[in-house]
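Shown here is one chain on its own, the form predicted on its own, set out as structure tokens.
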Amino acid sequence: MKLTYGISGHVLLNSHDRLNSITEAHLKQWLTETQVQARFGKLPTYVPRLSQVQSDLLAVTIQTDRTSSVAFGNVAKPFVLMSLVKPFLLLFLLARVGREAVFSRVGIEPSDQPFHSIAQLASDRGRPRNPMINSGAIFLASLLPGNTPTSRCESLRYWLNKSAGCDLTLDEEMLASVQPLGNETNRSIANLLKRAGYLNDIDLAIETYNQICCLSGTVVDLARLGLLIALPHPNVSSDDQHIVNSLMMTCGLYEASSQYSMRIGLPIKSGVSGGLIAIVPKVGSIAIYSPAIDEIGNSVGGLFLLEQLVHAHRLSLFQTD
């Protein structure tokens, strides 16, 4: 390893060395404070099975290549991806149908409204603001190959597992918990999309969306997924990685995205199940699971722990030394 020295004579590590320098001991030192911070969050109540999860669970995996990782906590505990699937849905469709098919119908603009805002979509005349909110992801789900929700979900699941070397499965119990809810907000979103000419079959789009959100894995699986947009990969173009990372940076934490772009300075995506994925481009990924979320839908403990790690190890993309 080539060492670079600053004016003071201290060794300056690059971001790869900084991420690799994080050990289990570093993760443990933030355990108590992360669990304290997580108590300020709440489990989501609108999906019954999500409200029954043990709220003090915590798991972290840092992956710097496909064989090297450090992990701590309840790393074997599976959880559903929920909105964490959105950047990987986008990545798959960019590879399969191309940028024109995607961005002719979905924008790239951040939103200052909640991820399921009907008012936002109505003011935008039925055009989804970006792929990281529900309207964008419901439309993108309609582009998946297959004639049924199950075949469409399976096409995405198979590609992700094969490409990332992870083991995502469909959580049938969580799906059964989601399906009876009526999904009135998402159905209203889908109706607006159909009236604007973006959807043909509302039921097919919503059920496909439900299924891909109920794909389940561990933080290890999530960290491996992160490598699809962090490191060179034969199935993924660097241009597509750039697009997904950029949209995660500007839109991945919904209306809190700009705040955390300054505070953390990495592409991040959250899910209401309490999962969080952060990308250090060309270096690796950080996956965290802490189920309690804030009012926006982001993991309270996850964001706290990520911010401590980024600051302590100088991982921000805007780090100057």
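When you see a residue number, it is the position in the sequence shown, counting from 1. The model shown is predicted, which means the values in this text are computed figures rather than measured ones.
Another form, the form predicted in complex with a small molecule, is not on view; read the next lines as being about it.
Remark: residue 272 counts among the residues lining the small molecule in the model of the complex, judged by a heavy atom distance of 4.5 Å or less. Residue contact with the small molecule in the model of the complex: residue 88 places no heavy atom within 4.5 Å of it. Proximity of residue 193 to the small molecule in the model of the complex: non-hydrogen atoms within 4.5 Å are absent; the residue sits far from the partner.
Remark: residue 46 counts among the residues lining the small molecule in the model of the complex, judged by a heavy atom distance of 4.5 Å or less. Residues 61, 79 and 166 are none of them found to lie within 4.5 Å of the small molecule in the model of the complex, as judged by heavy atom distances. With the small molecule left out of view, the stretch that reaches within 4.5 Å of it through heavy atoms in the model of the complex is, among 264-272, 279-287, 24-32, 53-61, 264-272. Put simply, of 130, 241, 83, 142 only one has a heavy atom within 4.5 Å of the small molecule in the model of the complex, and it is 83. Here is the short version: of 134, 208, 218, 111, the single residue with a heavy atom within 4.5 Å of the small molecule in the model of the complex is 134.
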